[in-house]
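Only one chain is given next, in structure tokens, and it is the form predicted on its own.
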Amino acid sequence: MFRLLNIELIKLLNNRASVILIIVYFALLSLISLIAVINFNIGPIDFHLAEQGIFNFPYIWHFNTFVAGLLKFFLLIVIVSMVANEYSNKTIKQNLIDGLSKKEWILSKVYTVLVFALISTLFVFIISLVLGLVFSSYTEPNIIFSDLEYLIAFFVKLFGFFCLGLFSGMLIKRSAFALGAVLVYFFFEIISYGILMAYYKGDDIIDRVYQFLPFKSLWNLIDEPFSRLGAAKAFASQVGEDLSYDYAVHWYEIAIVLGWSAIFIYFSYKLLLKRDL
């Protein structure tokens, strides 16, 4: 495993664009802390985000993993480019000539995806822990370390998303077109979901079907956290809306994403086996 990871690390460090994207990604994750200083002044309304409890334990685990999950596209570019560059630079052929088997080659990519997801999760954990210890009104250990399942969901979400990028890069072999294909499918799924939800209004059949599709299953792992805020609940009660949602991380949602991850890895390997390199 470490030998394969070392090979991938050398390739990534020799790619300036990938290094820059990785740095930007983790820099943006660090900027989550700047949310604490955001202050909206609209007439008589003074709205300070940090005072709304977004950094309170255990809510911070939910909020930060959701926000950090929105930044995952930066690493998707790295994953897709990592695969596509193997074809354009002929390094995949050279690796196989040097004795790397096709199984080891695909495993090197999976291990890299796994490490990216793991480091990202650890990074978010550390940032959230520090912010929570500084701003949270609750610092009891049993409260601090509750709701950590959001970190598990975040890890699975990144891993599944990056496996999709791996498959897309393997399928199309050109990074720009592979990223375009991911975006096209994303918009197809989200637009078709919106149209069908409008058509079958009041019926949950669309949600029950779409929960098994790639992007909707990824989204379902961590529900939006904003409606849990006291200000959002107070506003909703004034306009007669009910914001009592199920925000929990469910095992079957994790299972669906892991299932898609396995499918993407399997078909990436099958594509590699069938291609004449």
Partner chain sequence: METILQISNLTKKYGNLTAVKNLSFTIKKGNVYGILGPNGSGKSTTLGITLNVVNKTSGDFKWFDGTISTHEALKKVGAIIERPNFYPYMSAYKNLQLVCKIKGIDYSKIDEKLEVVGLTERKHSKFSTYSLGMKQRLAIASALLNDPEILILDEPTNGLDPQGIHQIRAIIQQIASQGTTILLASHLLDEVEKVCTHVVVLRKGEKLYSGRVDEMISSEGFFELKCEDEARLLQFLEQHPAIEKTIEKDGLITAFLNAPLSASEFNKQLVESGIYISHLVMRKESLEEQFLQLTDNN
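Remember, it's a predicted structure, so these values are computed and weren't measured experimentally. Residue numbers count along the first chain shown, from 1.
Beyond what is shown, the protein has a form predicted in complex with its partner chain; the following relates to that form.
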Checklist entry - Are any of the heavy atoms in L151 no more than 4.5 Å from a heavy atom of its partner chain in the predicted bound form? => result no
Checklist entry - Is D207 a contact residue for its partner chain in the predicted bound form, using a 4.5 Å heavy atom cut-off? => result no
Checklist entry - Should A255 be classed as touching its partner chain in the predicted bound form when contacts are defined as heavy atoms within 4.5 Å? => result no
Checklist entry - According to a 4.5 angstroms non-hydrogen atom cut-off, is L96 in contact with its partner chain in the predicted bound form? => result yes
Checklist entry - Can you pick the stretch from 88 to 96, 139 to 147, 120 to 128, 172 to 180 whose heavy atoms fall within 4.5 Å of its partner chain in the predicted bound form? => result 88 to 96
Checklist entry - From first to last in sequence, which residues of 1 to 22 have any non-hydrogen atom within 4.5 angstroms of its partner chain in the predicted bound form? => result R3, N6, I7, I10, K11, N14, N15, R16
